[in-house]
Ligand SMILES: NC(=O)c1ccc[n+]([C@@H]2O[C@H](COP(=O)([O-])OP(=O)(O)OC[C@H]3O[C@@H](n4cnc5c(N)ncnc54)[C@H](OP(=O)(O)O)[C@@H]3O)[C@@H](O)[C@H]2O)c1
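One chain follows as structure tokens, the form predicted on its own.
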Amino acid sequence: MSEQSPIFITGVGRRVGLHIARRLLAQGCPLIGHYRSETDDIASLRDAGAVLVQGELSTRDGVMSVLQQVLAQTDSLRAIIHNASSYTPTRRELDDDLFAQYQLFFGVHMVAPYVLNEGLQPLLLKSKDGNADIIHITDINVRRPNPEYDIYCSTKAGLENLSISFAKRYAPRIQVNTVQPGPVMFLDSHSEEDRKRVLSRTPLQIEGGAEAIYLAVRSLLDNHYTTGSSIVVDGGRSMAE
């Protein structure tokens, strides 16, 4: 590792997490990235100088493995960015798959951030530039939940609540904030009709892109006087609904 303390990001294998990781690496920030499955994008991050740790954040053993891997790589951290997420509509059958789905969301969105924050707090307190941040990436639907995705929304709302608790408990040494994305990147499963409907309800009328989330993250890393706050990055959608 360099003389700077690294930034640890979960879920760097694709989409927003991959983009944030690439942008930070391009700026010369040492990076530890978590991923679940090996891909060509993960290989490209490794080639660019990222240190990578693998693990399944929905299970106790997986989270503890990721924690131990990070502890083995560095004795200090500049920031933790919790980007890893799972997103699917809620099952409506009261069966084992529903319980498994809820446990997965709860594990990835709430348990894993809690355990990693607690386990890595001592490293944040040793940040080499004196500043330390935790950034949770949540969702605009923590305030206006979508019934079709209600258990996803509820666990993201839980993460938003946890963020405030951590902000209070870790002050004054560690700043804790959230970024709430709106329609920044559509999924391949979204139809053209879905995209048009969403953007018609979004005042800025464009898909924000991963760069919009990176800029929000960067602004929090650069601001020494913000904690317990949320940055909404949704093109105005939550304002309009």
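What you are looking at is a predicted structure, and each value in this text was computed from that prediction instead of being measured. Numbers follow the displayed sequence, beginning with 1.
Only in words, not in the display: the form predicted in complex with the named molecule, which the text now covers.
Proximity of Ile9 to the named molecule in the predicted complex falls outside the 4.5 Å heavy atom cutoff. Using a 4.5 angstroms threshold between heavy atoms, Asp133 stays clear of the named molecule in the predicted complex. The closest non-hydrogen atom of Ala50 lies beyond 4.5 Å of the named molecule in the predicted complex. Taking the partner from elsewhere, Asp41 is found to have every heavy atom lying beyond 4.5 Å of the named molecule in the predicted complex.
The candidate spot formed by Arg14, Leu57 and Ser85 is fully in contact with the named molecule in the predicted complex: every one of the three has a heavy atom within 4.5 Å. Shown alone, this chain has one stretch from 152-160, 121-129, 91-99, 67-75 that lies within 4.5 Å of the named molecule in the predicted complex by heavy atoms: 152-160.
Of all the residues from 158-190, those having a non-hydrogen atom no more than 4.5 Å from the named molecule in the predicted complex are Pro181, Gly182, Pro183, Val184, Met185.
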